[in-house]
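As structure tokens, one chain now follows by itself in the form predicted on its own.
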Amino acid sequence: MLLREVAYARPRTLEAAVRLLGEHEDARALAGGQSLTNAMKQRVGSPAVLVDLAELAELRRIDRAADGSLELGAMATYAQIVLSPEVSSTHPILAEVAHQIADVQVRNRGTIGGNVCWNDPTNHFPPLLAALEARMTITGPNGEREVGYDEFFVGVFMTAAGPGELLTKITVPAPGACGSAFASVPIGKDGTCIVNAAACVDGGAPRIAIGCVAGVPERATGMEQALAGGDLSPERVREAARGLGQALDPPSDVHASAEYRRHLAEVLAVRATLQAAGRAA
């Protein structure tokens, strides 16, 4: 299906991009375009103005900050993340997950900022960033503000970035002795996930997040608390995960029933936690 007529702008500065988004009530930022373009073709979304961010080189940077945290520009592509030495030396789990997304063409165009701002519940990065306790920098007419992942993800296709604002940076805290892992059951080899889970083990209680079961990533707080004592043996982790699925309210669709998603949530939470614990050790 052909796109409806749409105005197009390609600003060269972040300030100009923010101004354009603020001037037009029905403007949308265009990052990699992997999701937005398809939504426009299907008439799910029909913005009047597309503000293409491709010229904003400052949003493609991947840097290590002085405190050891990793700073990902919102326009960093999956391919950049896979190949980045900064990522591989601090948070290789990000490259591991980026490499699982779709195919080479999508990884060359798709961006981490587009992935989290689209906030499709089946996307890979939201639960991973929840487990890593990432912070998001949003830039708008009034300057920058930073929010945690728990404030950023609001609902299905909804985030804290409001009209006239852009996600510009994702900051992942310094890893310390952390071990991280991601487990999923995808729809086909390169498809989106039926359920996924991410875990981070950092000496204390593990951080575990489940995706594809709600409009935002769900932290498995009960399981985390049960494992706070530090015993991450397979038997203890499986015991802690028992009942996790029943606390969730996932949807049923053509790919899986709600009950199957509850089952997968427990299985994948265990799998991710044990792998993360092994990496931390």
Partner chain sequence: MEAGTNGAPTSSRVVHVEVNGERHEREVDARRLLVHFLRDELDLTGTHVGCDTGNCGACTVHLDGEAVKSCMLLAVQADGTTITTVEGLEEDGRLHPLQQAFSDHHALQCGYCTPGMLMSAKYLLDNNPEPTEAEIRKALQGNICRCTGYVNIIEAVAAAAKGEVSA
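Numbering follows the first chain given and starts at 1. Treat the numbers as computed from the prediction; the structure is a model and nothing was measured.
There is another form of the same protein, the form predicted in complex with the partner chain; it is not shown, and what comes next is about it.
Stretch 94-102 is the contacting one of 204-212, 171-179, 94-102, 125-133, since its residues have non-hydrogen atoms within 4.5 Å of the partner chain in the predicted bound form. Site residues Ala7, Asp52 and Arg109 are all in contact with the partner chain in the predicted bound form, judged by any heavy atom within 4.5 Å. Interface residue remark: Asp190 is counted as part of the site for the partner chain in the predicted bound form, having a heavy atom within 4.5 Å. At the 4.5 Å threshold, heavy atoms of Val18 stay clear of the partner chain in the predicted bound form, well away from it. Put simply, Asn38 is close to the partner chain in the predicted bound form: some heavy atom of it is within 4.5 Å.
Shown alone here, Gly22 lies farther than 4.5 Å from the partner chain in the predicted bound form, counting heavy atoms only.
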